[in-house]
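The chain that follows stands alone, in the form predicted on its own, written as structure tokens.
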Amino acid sequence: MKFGGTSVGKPDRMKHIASLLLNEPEPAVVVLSALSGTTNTLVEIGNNIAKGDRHSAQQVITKLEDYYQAFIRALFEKDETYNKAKSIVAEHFDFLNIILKISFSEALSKDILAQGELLSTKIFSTYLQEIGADYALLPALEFMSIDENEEPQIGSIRTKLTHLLEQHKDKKILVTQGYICRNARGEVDNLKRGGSDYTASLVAAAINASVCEIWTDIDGMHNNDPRIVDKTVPVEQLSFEEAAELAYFGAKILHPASIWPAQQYKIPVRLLNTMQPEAKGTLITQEAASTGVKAVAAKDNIIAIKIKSGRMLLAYGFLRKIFEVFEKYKTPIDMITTSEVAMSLTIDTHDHLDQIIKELEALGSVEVDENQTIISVVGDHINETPEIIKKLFGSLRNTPIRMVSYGGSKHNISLLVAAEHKNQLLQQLNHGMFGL
């Protein structure tokens, strides 16, 4: 059971999670994120230290410590557990104050970022102690590891975690940190953004859990973006392939990487709402519940690149040369279309963009369009259902489409539009595809 930053971000929500766990019939490994806003604040502290602005870093540390002091005052009722939580907060903020005197490094930055999850899990465990719950704290740094390619070592994770669980087999609630891990050098590191979902999925796979539950502040994955579209509904069931497409192409509730371990080990994933625990949420399993369109997702900040060359005609090495440029700069491509003399593709990062364009210009003329959005229509076997294609293209009225990706996946049809048309097109697709 993974609880995100908003789920643990207030004292009453932390209490609510504890009550959920007490009513849980099965023993549960509980993965916690940092309290909402903490990771961004820790990033700010690290950035200030890196710039040599230790005064600003000190101010941010003091403000964050005040926040945690207020948090534990509201959470605890007994002196014994409150004083324990006070010592925990003091210990971690002593560390943050000490590092102001140390020269900045990448390794130090990772240590700073780890403080959020270490604080949330220790505070929550202390609250479980206060209410007399049967729990144990499993330090993620003792079992969660990545190799030199930053890939999780599932075999090693399973061995170490099984050993830890054996030591606490009488405990019903086992609390651990999301996001943080050790790297191949044994240093504190992390699983990048969305890493708490990844932790939960890796733990579920390692212990062969009955289910991996991701608890957030929304009741499952919706058929469209509820922040933009008025009428959206939760999708009751998705296949792993459908969920992965939605996550990759912008559905914010789930990080794309987090699906993979559970999918590999056939562990069902359930997306649930901490604020509405009785809601069904979304179940993700090996098989799709039905064919047809399930949801629409949008991925922002896309850059479209068009390479045009008269020499492309019959030049079988042309595509290879283009792909080698992106491989050289480790830049993944989202969408791609080709014609006889041109090729259009999209990327989602500005990193190395100038170098990429310079090398592509040796192959032909290059056009770059920024501020684009990929809108993906996702479902099962949607490329084999003529009625879906008819509805989709019937929904595109008055919206200029820059690119279409169709046929690469039986689960996804993607459209590229200028960002200014995103909201309008999401509304149109909601009406045209779902009748909402």
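Residue numbers run from 1 along the displayed sequence. Every value quoted in this text rests on a predicted model; they were computed, and no experiment measured them.
The protein also exists as the form predicted in complex with a small molecule; that form is not presented, and the subsequent description refers to it.
Checking Glu150, Glu142, Asp217, Asp348 for any heavy atom within 4.5 Å of the small molecule in the predicted complex turns up a single hit: Asp217. The contact with the small molecule in the predicted complex, taken as any heavy atom within 4.5 Å, belongs to Arg227 out of Lys78, His163, Arg227, Arg320. Although the partner is absent here, His222 sits close enough that one of its heavy atoms falls within 4.5 Å of the small molecule in the predicted complex.
The closest non-hydrogen atom of Ala251 lies within 4.5 Å of the small molecule in the predicted complex. Not displayed here, the small molecule is kept clear of Gly432 by more than 4.5 Å at the level of heavy atoms in the predicted complex. With the small molecule left out of view, the stretch that reaches within 4.5 Å of it through heavy atoms in the predicted complex is, among 81-89, 251-259, 340-348, 325-333, 251-259.
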